[in-house]
Ligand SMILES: Nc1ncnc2c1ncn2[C@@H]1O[C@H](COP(=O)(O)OP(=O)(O)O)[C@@H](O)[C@H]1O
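One chain comes next, on its own, written out as structure tokens in the form predicted alone.
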Amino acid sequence: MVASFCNPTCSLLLHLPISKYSEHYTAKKLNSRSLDYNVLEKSEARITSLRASKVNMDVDLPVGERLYVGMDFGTSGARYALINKEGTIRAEGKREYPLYMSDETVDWVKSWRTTLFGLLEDIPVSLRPAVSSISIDGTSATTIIVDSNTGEPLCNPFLYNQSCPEALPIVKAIAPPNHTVCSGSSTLCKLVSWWSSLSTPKSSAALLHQADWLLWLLHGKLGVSDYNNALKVGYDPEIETYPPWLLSQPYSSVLPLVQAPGSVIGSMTEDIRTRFGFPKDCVICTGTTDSIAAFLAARANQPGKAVTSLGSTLAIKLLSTRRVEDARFGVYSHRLDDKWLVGGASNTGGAVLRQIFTDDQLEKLSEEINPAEASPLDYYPLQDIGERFPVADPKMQPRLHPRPKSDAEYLHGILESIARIEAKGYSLLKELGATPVDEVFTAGGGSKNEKWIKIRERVLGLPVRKALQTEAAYGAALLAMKGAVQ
């Protein structure tokens, strides 16, 4: 049987205490009006960190202080962040995934398990007794089919970017038009692909996402997920259940129970707790996806607030009061308590700049740019053929000519053109029905370029400010805090 557990009255975790006054707050007082957003800046200067190489050092800990652990399992490695109720980082560390090989393929399950326990070992021994809760985020649509009795995988995991095109026609035949699952890399396509294989036993199978499986190793209750990870398998977070068209399928029996991100699943298992020295009351909370955790870390906590991540590509996420989805443009919404996180991702971004300029050139040429002046150059910077958002055109050609004699003018034109694409993205979300953007927080490598920020402010016609926190592990720690205070 499929069940759903959501708490519609719980406030968005972005509003959790982050100021020096937070010890005066109780769980009952936590709501969307608890704190002034600007107090986050007061805590930034107080952030301290301990890298993995220093994990065994003694750390002064105020009597009675409780701590919260977030872990981020990304594409190439994992991080942890340990925070207190004020949002101050008490310790953090990272590990790359060890590449265990099995039959000439990477044994990702073994690698993730080893990394999980390695990160637990990296948490300073003196801080472990103060840990109240743990949460984990994982890469979206990374899927593991396991034995429901033992938790052991029945096949190799389906990675986040793995596509199952053979299953797409089957999924499109049962799902509503333009639904989020109507993509070859969706979790549902991966499930259908596995289910269609004849050699695998199915009677005792269970589907878990990467974060679900890692959390199971800590709490021991198999078959629990969160509504952010479950979105791409077809879960409807608005009605808080799987839709009838999905429940009528024979493979619906393997779907996990769904709770809100940051909900308490249960206590840490005794063997893990005693092995690492965590307290008896340490609880394990449902997680989320890596991109959602990164958004949570930025604290863009009101409708109209958005985060643009300028890394290799350009990804935007906007907090909205309305749910917006359209697979034609790669637009879909994640639920965040009583609001929606609407997003899209373009193929433009920093990877194009790195094809043309070195980091040193980017820094020096940017100094020559006057961000108050508009560039007359009109480009569509792409690393390769094809665009996803805000224009859905798999055949779109990169447009990076004509190139002026001045490299500074050329860079100016590219930066401004990427800013125009960002503006078109937010305009599209508005056209589709999302809350209009009124402020943008910026993350990723592009956020370090002050001239580019000024260009984007002019093109967007909006304030653009750097996000104080961008690590997904920090966002996962906020989820752990949310569960503990409830």
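Heads up: residue numbers just count along the shown sequence, starting at 1. Treat the numbers as computed from the prediction; the structure is a model and nothing was measured. Take the two forms, find the largest set of C-alpha atoms that superpose within 1.5 Å, and that set is the rigid core.
This protein has a second form, the form predicted in complex with the named molecule, left out of what is shown; the following refers to that one.
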Stretch from 166-174, 259-267, 212-220, 306-314 whose residues place a heavy atom within 4.5 Å of the named molecule in the model of the complex:
306-314
Answer with yes or no whether Asn449 is in contact with the named molecule in the model of the complex, where contact means some heavy atom within 4.5 Å.
yes
Decide whether Ser76 counts as a contact residue for the named molecule in the model of the complex under a heavy atom distance cut-off of 4.5 Å.
yes
Within a 4.5 Å heavy atom cut-off, is Asp147 in contact with the named molecule in the model of the complex?
no
Taking any heavy atom pair closer than or equal to 4.5 Å as contact, tell me whether Arg354 reaches the named molecule in the model of the complex.
yes
Of Leu154, Leu362, Val106, Val224, the only residue with a heavy atom within 4.5 Å of the named molecule in the model of the complex is Leu362
In the model of the complex, the residue from Gly350, Pro237, Pro390, Gly118 with a non-hydrogen atom within 4.5 Å of the named molecule is Gly350
Inspect the rigid-core superposition and answer whether the C-alpha of Arg354 shifts by 2 angstroms or more between this form and the one not shown.
yes
Tell me whether Ile455 is among the residues that move between this form and the one not shown (Cα shift of 2 angstroms or more, core superposed).
yes
Large Cα move at Leu67 between this form and the one not shown, threshold 2 Å, rigid core
no
